[in-house]
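In structure tokens, one chain follows: the form predicted on its own.
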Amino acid sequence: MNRHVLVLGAVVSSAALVLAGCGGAASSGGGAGDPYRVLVTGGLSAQGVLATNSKTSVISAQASADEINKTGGIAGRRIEVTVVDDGGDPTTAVTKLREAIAKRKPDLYLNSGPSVIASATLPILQQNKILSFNIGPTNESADPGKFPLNFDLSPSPTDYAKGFIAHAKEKGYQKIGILYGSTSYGASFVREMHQALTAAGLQVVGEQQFDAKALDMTPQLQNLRGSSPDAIAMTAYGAPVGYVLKSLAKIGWTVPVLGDTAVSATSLVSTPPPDGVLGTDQVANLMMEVFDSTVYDPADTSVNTAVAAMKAKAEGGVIPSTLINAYNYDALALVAAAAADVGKADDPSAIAKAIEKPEVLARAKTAILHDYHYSATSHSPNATADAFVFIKPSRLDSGQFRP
């Protein structure tokens, strides 16, 4: 081969790599007949619950790809899923994403949380014009003005508040105390929950923050008890859930506790002793907010199809955690519906615009959340109150609670 051609080719290749690493729009080469390339990252090598939840997130994407490929793929292109372990570390996630873009730009990027991963990767995705779905929302991730090609899959605290309001009114609770951890999500939770409860005519009688690393929440609970709430609205995740329940038992307070989806995603509440508290007095007054899809219903065909597909991809046929971590199943269904509307899958901007259409969202065969309400001004799911139910802690089977 002519040496000039070889040198020119090397220069072009190097330039492409530099562009990809610096945020250029390297081509995915995704035309008709090419696979639709999906990059999924997750903290598979992380410790504890993060690794477990990431595994559920990853197999949900793989299962959804299998189901959609059975019906012709995305706009006729077979879905090809590549899994990358980011360790739950944003620096690693950025490095892995840049490497993937340099090698071959994906058509779609899906993460497995937490929100620090989204914060780190969204600017790179935007620079490279890559469509993305995100399960760890940030303050700006659902803003189409900032990230027009990104869609949040997890509902916002405002959405979750809709479920709390419906349940509180059903139970006749008028005075609510709010308990939250010292995290960025906790700050969002108390701000938006307070606003939503007040707007709904309920009275917020107290707000208490606990240190997310604390082992005893007795002082905060005693302060809340002094305001005589009818119930407590709580967000907590992991070990702090156990410390709150233990502190309640310590002071002998039997107030109803309404936990958010972070509480229901904490395995200790669905695990009997000695590893958990299921069936003990500590959870006697706890009700948990969950998606309706995370409660087993033999008549819900779409969810049961998703569960079967996920079990087929899971190690040993066991879904590691609740379906609340399986949002990525819906992401591919949303893209498939949008691509059918556009007529092709290689234009991320057109796909994003199609996802904002109500008629496209109505046709998307999602399962984890049955309805998404994206718009040109909000790329948050904007879930309605009927997307949530409150249940008592119960055992978990195949990613679903069985009260």
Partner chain sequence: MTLIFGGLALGAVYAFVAIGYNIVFISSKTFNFAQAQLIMIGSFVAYTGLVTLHLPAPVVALLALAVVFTVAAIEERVAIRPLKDPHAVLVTTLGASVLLDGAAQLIWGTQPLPVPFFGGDGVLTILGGRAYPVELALVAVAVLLVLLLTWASKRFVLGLALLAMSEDREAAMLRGVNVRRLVFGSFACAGALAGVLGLFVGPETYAVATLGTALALKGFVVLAIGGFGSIPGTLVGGLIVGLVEALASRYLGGEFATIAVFAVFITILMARPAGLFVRTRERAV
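None of these values were measured; they are calculated from a predicted model. Residue numbers count along the first chain shown, from 1.
Below, we turn to the form predicted together with the partner chain, even though it does not appear here.
Engineer: Examine Lys146 and determine whether its closest non-hydrogen atom to the partner chain in the model of the complex is within 4.5 angstroms.
Structural biologist: Flag for Lys146 set to no.
Engineer: Find out whether any non-hydrogen atom of Val81 is located within 4.5 angstroms of the partner chain in the model of the complex, and reply yes or no.
Structural biologist: Val81: no contact with the partner chain in the model of the complex.
Engineer: Although the partner chain is absent from this view, report whether Ala265 comes within 4.5 Å of it in the model of the complex, heavy atoms only.
Structural biologist: Yes, Ala265 sits close enough to the partner chain in the model of the complex that at least one of its heavy atoms falls within 4.5 Å.
Engineer: Given that the partner is absent here, does Gly242 sit within 4.5 Å of the partner chain in the model of the complex, heavy atoms only?
Structural biologist: Gly242: contacts the partner chain in the model of the complex.
Engineer: Tell me, out of Gly317, Gly172, Gly201, Pro274, which residue has a non-hydrogen atom within 4.5 angstroms of the partner chain in the model of the complex.
Structural biologist: Looking at the other structure, the residue within range turns out to be Pro274.
Engineer: Since exactly one of Thr138, Asn304, Thr92, Thr218 fits, which has a heavy atom within 4.5 Å of the partner chain in the model of the complex?
Structural biologist: When the partner chain is considered in the model of the complex, the option within 4.5 Å is Thr218.
Engineer: Can you confirm whether Gln208, Asn223 and Gln282, the three residues that make up this candidate site, all sit within 4.5 Å of the partner chain in the model of the complex, judged by heavy atoms?
Structural biologist: Checked in the model of the complex: all three residues contact the partner chain.
Engineer: Where does the partner chain sit in the model of the complex: which of 234-242, 94-102, 193-201, 304-312, heavy atoms within 4.5 Å?
Structural biologist: Going by heavy atoms within 4.5 Å, the stretch is 234-242.
Engineer: Residue by residue through 240-254, tell me which have a non-hydrogen atom within 4.5 angstroms of the partner chain in the model of the complex.
Structural biologist: Result: Gly242, Tyr243, Lys246, Ala249, Lys250, Ile251, Gly252.
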